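Only one chain is given next, in structure tokens, and it is the form predicted on its own.
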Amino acid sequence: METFAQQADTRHAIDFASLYVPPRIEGEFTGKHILSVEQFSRQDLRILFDASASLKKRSRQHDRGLTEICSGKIMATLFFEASTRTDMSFQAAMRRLGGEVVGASNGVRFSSVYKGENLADTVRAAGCYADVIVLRHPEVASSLEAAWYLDKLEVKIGRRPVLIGGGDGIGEHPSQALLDLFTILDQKGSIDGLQITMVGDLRHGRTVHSLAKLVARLKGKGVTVNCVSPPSLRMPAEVMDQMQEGQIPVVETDDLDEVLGNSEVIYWTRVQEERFAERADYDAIQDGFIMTPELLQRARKDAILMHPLPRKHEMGPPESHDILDEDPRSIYFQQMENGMFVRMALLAKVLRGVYV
């Protein structure tokens, strides 16, 4: 049986990337699909991050009022690709807000999808039960397709469920980028003057695609983005164009030493084996960039090391993980927890529009 990733190249008869343009937030989140970081202005980001910080503080204080925010609301999870962290983070976020979560009891792999049902019908079925749907799919623009069909569903059932994209192929992963930027701001206060260095698989990494676009939208003063990768895994031209439009200086290199010593933010990524058509192509470059305790020692004392996780050998052998984890510059677990707070804010905003 073909995997979803293998089916993805031929499945579409409609170019949803051209057909459906996600709505701009423009200060009003209620009822809007969250599909791309391009929906957000600087002001929208401020509103969302203020809400995220408030929810983080209230969670620390065990504020029981949090469970009233999404009480009576239901979130459905449709994950066509495995993603333990994104899935659990959204579920935890919804439950902390007092909402309920539903999903296929044995996962999408064993659901009607594998009986031949298409994405349009699957997402509309979930929309009949839920107020918000989180979708993870291996095909670029799958979230746009799902949103388009959910908009059409409103004619049939009299309401329109909201969609939040949880990652679509090598395209975008908006909530991950939002939590990444929130974490940088939480740690550094501002992106002004920072050198942000993204390392690894920049061609397939939707996390770095979306984060780079967000940095471009913020237009921080004096910020520089360093893109460190093998030539075959360079950042896509579309993302580079957006950074250029945002007047963000970009340095492309395959030599980490060229930029490491000046980097305040180091965003490490794995080479994504599942995105390669040929195993030999993956084998040829998988060991190109490995983070080790020795390498981290060469970084600035005030640098922060981020990673979207999961990690494999790109963070060195398992025995070195504990050493990296204990370094105060390693903040990927804080980054992961922040993801729950940002997703809480997103859910609260799109479902209730409340100030939190």
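On a predicted model such as this, the values are computed, not experimentally measured, just so you know. Residue numbers here begin at 1 and follow the sequence given.
The form predicted together with ligand NCD exists for this protein as well; it is not shown, and the discussion that follows is about that form.
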Any chance Thr86, Gln176 and Arg270 all have a heavy atom within 4.5 Å of ligand NCD in the predicted complex? yes
Is Arg234 one of the residues lying within 4.5 Å of ligand NCD in the predicted complex, judged by heavy atom distances? no
Residue-level contact is defined here as any heavy atom of the residue lying within 4.5 Å of ligand NCD in the predicted complex; does Pro310 satisfy this criterion? yes
My question is simply whether Lys73 lines the interface with ligand NCD in the predicted complex - judged by any non-hydrogen atom within 4.5 Å. no
Does Arg203 reach ligand NCD in the predicted complex, with heavy atoms at most 4.5 Å apart? no
Among 323-331, 26-34, 301-309, 43-51, which stretch has residues whose heavy atoms lie within 4.5 Å of ligand NCD in the predicted complex? 301-309
Of Thr183, Thr207, Ser229, Ser263, the one that lies within 4.5 Å of ligand NCD in the predicted complex (heavy atoms): Thr207
Considering only 136-158, what residues come within 4.5 Å of ligand NCD in the predicted complex, judged by heavy atoms? Arg136
